[in-house]
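One chain follows as structure tokens, the form predicted on its own.
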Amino acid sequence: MYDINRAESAVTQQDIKISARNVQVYYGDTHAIKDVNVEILDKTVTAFIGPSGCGKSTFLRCINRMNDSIDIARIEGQIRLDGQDIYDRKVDPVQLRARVGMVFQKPNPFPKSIYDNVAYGPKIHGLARNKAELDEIVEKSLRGSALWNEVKDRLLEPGTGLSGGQQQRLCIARAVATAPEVLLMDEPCSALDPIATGQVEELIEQLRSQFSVVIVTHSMQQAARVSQKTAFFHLGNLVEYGETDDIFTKPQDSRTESYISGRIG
């Protein structure tokens, strides 16, 4: 089992963006996440890997309280963002999600124009004082998601009219428009073709200079390509967490080795 006390001595407090301690997640009587302890670093891509149903997406959704919307879900333990307990009653989940953006498995642009998809978050969070500032945020976000040059002449057209890969980059632009500190990505390439996947992976590499990026992926090859840290989940447990190269070439736990080699999955 991953030993957080030994691992955290290797990083400084300034490096740590998200800290989870003894996190348990229950869906009714089902114990979905068991005793997860992990430190997620800033300006780093962290990949969550593991077999289907192992808890990686469930834990990802704990980081921005998406599980709050599920009536039978119960979360115990502590998750801190920059030292603040995100499950403290004083924390507004809406404001938390402005700081912790999320991109989902299937591109889900709003039924609005390309411009309004990106402008939506800044508008509701009051991040722009006028139209000129909003225009600037929209352009910056679309440039940051490598989409500006493809859509700058059709910003008033529906976002749903874009290709699948463009829609996913639009969703990334929408997520970064609120200037988050953390970007969560739940299998963001699983619905995309190889070319669009490559574009999103290049984008992830660029985004880590600004954010802590956490990506759930079913593709071990993708985890190896895009991440610096990897966490392996199995049956609701965080089995192993460390440098991506180490996880893939010299795993410490036999379950990790079995998954990497294809014996379980």
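Just so we're clear, the structure is a prediction, and the values are computed from it rather than from any experiment. For every residue, the number given is its place in the sequence shown, counted from 1.
The next section is about a form of this same protein that is not shown, the form predicted together with a small molecule.
S.K.: Look at the candidate spot formed by Pro111, Asp116 and Arg174 and say whether the small molecule comes within 4.5 Å of a heavy atom in all three of them in the predicted bound form.
M.R.: No residue of the spot touches the small molecule in the predicted bound form.
S.K.: Want to guess which of 224-232, 47-55, 193-201, 207-215 is within 4.5 Å of the small molecule in the predicted bound form, heavy atoms only?
M.R.: It is 47-55 that comes within 4.5 Å of the partner.
S.K.: Do Met66 and the small molecule come within 4.5 Å of each other in the predicted bound form, heavy atoms counted?
M.R.: Outside the cut-off, so no.
S.K.: Counting only non-hydrogen atoms and a 4.5 angstroms cut-off, does Glu187 reach the small molecule in the predicted bound form?
M.R.: Output for Glu187 is yes: heavy atoms within 4.5 Å of the small molecule.
S.K.: Flag Val91 as yes or no: does it have a non-hydrogen atom within 4.5 angstroms of any non-hydrogen atom of the small molecule in the predicted bound form?
M.R.: Close contact is absent here: in the predicted bound form, Val91 is far from the small molecule, nothing within 4.5 Å, heavy atoms only.
S.K.: Taking any heavy atom pair closer than or equal to 4.5 Å as contact, tell me whether Leu41 reaches the small molecule in the predicted bound form.
M.R.: Because no heavy atom of Leu41 falls inside 4.5 Å of the small molecule in the predicted bound form, the answer is no.
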